[in-house]
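Here's a solo chain for you in structure tokens, the form predicted on its own.
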């Protein structure tokens, strides 16, 4: 695809060549992402970070990525503090903000809503999550993590065996990752969830039509056996119309050290888009796995910065100008030890 000036709304926009370009750019960005080098290539540019749903990692990650490139960030969080609480339409909001900023990131609780923001603006928009629809940048950082953790070339990710576990019905991160992995060949998917929370039929049918192997099970132990990657998600209580409905699923799919040792391969990597529920009897990944070398969830979140920096650089056409705007770091920054 032509990244310059493009909006990023869905992983369906990408092919394998696009992924290679994003990942090679992200690898260049890693030193800047972790503060080892400084670039001001986007100095003077403004990102409007419009989050109408609660967010910690995504909102801060997008903002930090833009800041690491030298740009400025303006945030809106929640409907309460936006003019939408007064009845303003998506069209009007988007048109107004496009006069203030150079690029927008939007998260909204309604599936398909982020695409509506593109109807009244000439600036690029990045989908930060639209209801139960998609979360394309999360899928990119998830795939980037798989690529780095498995230590193979991107084109060698064919034949990966991955278990996606938890709330797959409402989990937009799982939807986007499954669709992104469909670009490769002969992927072995296990969808592990209660029947009520299964992966949407449209995604299952698409994967099978492309020749991938899909196994659907509600059995957690069977679901984790033999996979290279465990992608575990929480049961999202905010997606249920009746708040008590989700409680019967809490804790049903919990990974412990004992289960990992007994049922998983020694090199199986553990991923989670976060947040994980760390409350007693409800945790998807037990705290006794926090220091396990195969737990990649914090390396996964770290990878969000270089991936989002890469997207911003490509969209704004500065990926080849990074080196022209490098300055020396003047402050002390301790290294991140025991980076799990």
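From a predicted model like this one, the values you see are computed outputs, not experimental measurements. Positions refer to the first chain, counted from 1.
As for the form predicted together with a small molecule, it is not shown, yet the points below apply to it.
Have a look at 217-225, 154-162, 135-143, 115-123 and name the one stretch with heavy atoms inside 4.5 Å of the small molecule in the predicted bound form. Looking at the other structure, the answer is 135-143.
Please pick, from 39, 58, 303, 49, the one residue with any non-hydrogen atom lying within 4.5 angstroms of the small molecule in the predicted bound form. If I apply the 4.5 Å criterion carefully, the residue I get is 58.
Consider the chain as shown here, without its partner, and state which of 274, 289, 283, 45 has a heavy atom within 4.5 Å of the small molecule in the predicted bound form. Checked against the cut-off, the match is 274.
Decide whether residue 108 counts as a contact residue for the small molecule in the predicted bound form under a heavy atom distance cut-off of 4.5 Å. No - in the predicted bound form, heavy atoms of residue 108 and the small molecule never come within 4.5 Å of each other.
Answer yes if any heavy atom of residue 173 is within 4.5 Å of a heavy atom of the small molecule in the predicted bound form; otherwise answer no. Residue 173: yes, in contact with the small molecule in the predicted bound form.
Given that the small molecule is not shown alongside this chain, does residue 234 nevertheless sit within 4.5 Å of it in the predicted bound form, heavy atom to heavy atom? Output for residue 234 is yes: heavy atoms within 4.5 Å of the small molecule.
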